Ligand SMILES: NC(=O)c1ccc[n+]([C@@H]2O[C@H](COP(=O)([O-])OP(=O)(O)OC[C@H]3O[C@@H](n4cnc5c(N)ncnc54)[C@H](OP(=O)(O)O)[C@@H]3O)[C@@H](O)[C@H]2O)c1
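One chain is shown next in structure tokens, namely the form predicted alone.
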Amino acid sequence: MEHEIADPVGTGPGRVLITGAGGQLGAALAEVFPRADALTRDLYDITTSTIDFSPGLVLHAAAWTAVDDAEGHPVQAELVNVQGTRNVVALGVPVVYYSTDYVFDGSKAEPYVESDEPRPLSVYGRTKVGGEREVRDGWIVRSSWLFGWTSKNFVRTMLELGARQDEVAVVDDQRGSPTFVGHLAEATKDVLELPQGTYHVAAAGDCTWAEFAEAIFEEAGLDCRVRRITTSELGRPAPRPANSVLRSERGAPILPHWREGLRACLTRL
């Protein structure tokens, strides 16, 4: 059964709860939903804590997002991404659950759409699928390659490396759509106007990580070369999908191109 949300943007009596407000997506959501109760992990640990009020809607951004660390800590990743989501769902109100392109294995030649069957390669991907399956009343929003002006992300890492190195080695055989958290947070308001279900909400355009790094250096005016390498050369613990471009067949909000998101992010940095 769907719940009526009187005021999904948090300006009236229907209180909105944002989990994971200390992360990059949570911080962006807190700006777009300024009247929401934006709680960091210190205030609301979804694995152990309770809250002393009844929200009307939860924007569930809290998650274990350390992809490689999840390979060595599968129990902890599942505790956060699955059990934590189960605890949030137990509040008994609609939930917007933010998921990931890593629920797919990357073997498809075309962009992934909502009807494609998840086949995760990594512990992180599997636990995010597990979290999706906990949601009964709400929206699942899959996005990809998130970056923003806070927390640890690819853009901030490249800016740090590019400022002190002449060359950076970056993977060139994974393709996705880098998505600015500010654009995703803003699009959440439009998602709430759609029927409940699963939606792919990612930036327009696509690129490899190496192409993304080159764009970062170009836009930031950094004189740093990108040496293109393969995933196997990088040797990370968690397998990644070679293709994780997301597109919507269900009328999800269309986000600006990833380069527009990059420029918007750089203005915040």
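Note that the coordinates shown come from a computational prediction; the quantities given were computed from them, not determined experimentally. When you see a residue number, it is the position in the sequence shown, counting from 1.
Keep in mind that the form predicted in complex with the ligand is not shown, yet the notes after this line are about it.
Although the partner is absent here, residue 20 is a contact residue: one of its heavy atoms lies within 4.5 angstroms of the ligand in the predicted complex. Put simply, residue 65 is close to the ligand in the predicted complex: some heavy atom of it is within 4.5 Å. Within this chain, residue 25 lines the site of the ligand in the predicted complex, having a heavy atom no more than 4.5 Å away. Residue contact with the ligand in the predicted complex: residue 139 places no heavy atom within 4.5 Å of it. This chain is displayed without the ligand, yet in the predicted complex the stretch 140-148 from 112-120, 185-193, 140-148, 155-163 comes within 4.5 Å of it by heavy atoms. Taking the ligand as it sits in the predicted complex, the stretch 34-61 comes within 4.5 angstroms of it through a non-hydrogen atom at 41, 44, 45, 46, 47, 61.
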